[in-house]
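Just one chain follows, in the form predicted alone, and it is written as structure tokens.
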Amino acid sequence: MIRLVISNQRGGVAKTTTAVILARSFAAKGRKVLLIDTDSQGSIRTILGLKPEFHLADFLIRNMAFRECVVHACENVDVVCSNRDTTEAEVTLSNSPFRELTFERLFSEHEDAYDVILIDVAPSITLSQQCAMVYAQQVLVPVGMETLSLQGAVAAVNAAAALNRFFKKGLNVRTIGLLPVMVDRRLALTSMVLDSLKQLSADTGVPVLPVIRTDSAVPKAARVRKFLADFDPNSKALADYNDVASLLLKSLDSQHERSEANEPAQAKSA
């Protein structure tokens, strides 16, 4: 089981685009994917042209059955969509005991049906984002080629570290990669941001992943409400995302296997 939060504390950095394209890439590799949108703007629903009857808030606070809140987007991809009611759900949950464990409590009951769970979060520290990080414990940070996106990436890495300090023991939220997106090497600012990412990687130990090239097919696919893979299978950005998906699967599957191998040893020592 792979759980992964897609986060950057800055809007407009292809965060939702990354979540959607990676979901489709993982699905094409035979993985069953659940894509969860926790941003009240509901961008995933809009990008894919989905029309769910129920949304994330209905599952979190209105006791709707999980199956009623999931919409099928394509083969191997299910989506829990968000809407403005997500803000209401966060207010309601803010008064609950152990509120940061809400996603762990509710989604863990249904995760066995999936191989990968991707969670797209708002570009700000919300309760939903905290719940997502506590549940997934792994964060991928897309970084656009501009300085505000870079600042948002630093904030995202720090947010994960802050959660670990808050919980002290029993939580290990890790930022697994910095993903350069919308990369156009002809632009001078691109080199500056990529150099800054290398320095951030050296300072934090978070690897910089292969770049995603800028591609006009990406916004065009969103405008016609299609996955990029279905709109333009030969898209250069899609090729880049597919390479990143393969790299992530190899890395995360390996970590999962090591974790499972260590459990018997830990149990024996206990």
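The model shown is predicted, which means the values in this text are computed figures rather than measured ones. In this text, residue numbers run from 1 along the sequence as written.
Just so it is clear, the following notes concern the form predicted in complex with a small molecule, a form of the same protein that is not shown.
For a residue to qualify, one of its non-hydrogen atoms must sit within 4.5 Å of the small molecule in the predicted complex; none of L35, R45 and Q129 qualifies.
Heavy atoms within 4.5 Å of the small molecule in the predicted complex are found in one stretch of 66-74, 53-61, 214-222, 26-34, which is 214-222. M182 is the sole member of M182, L178, L163, L150 with a non-hydrogen atom within 4.5 Å of the small molecule in the predicted complex. Residue contact check for Q41: one or more of its heavy atoms lie within 4.5 Å of the small molecule in the predicted complex.
The small molecule in the predicted complex comes within 4.5 Å of a heavy atom belonging to A14. Using a 4.5 angstroms limit between non-hydrogen atoms, L209 is distant from the small molecule in the predicted complex. In the predicted complex, V244 stays away from the small molecule, with no heavy atom inside 4.5 Å.
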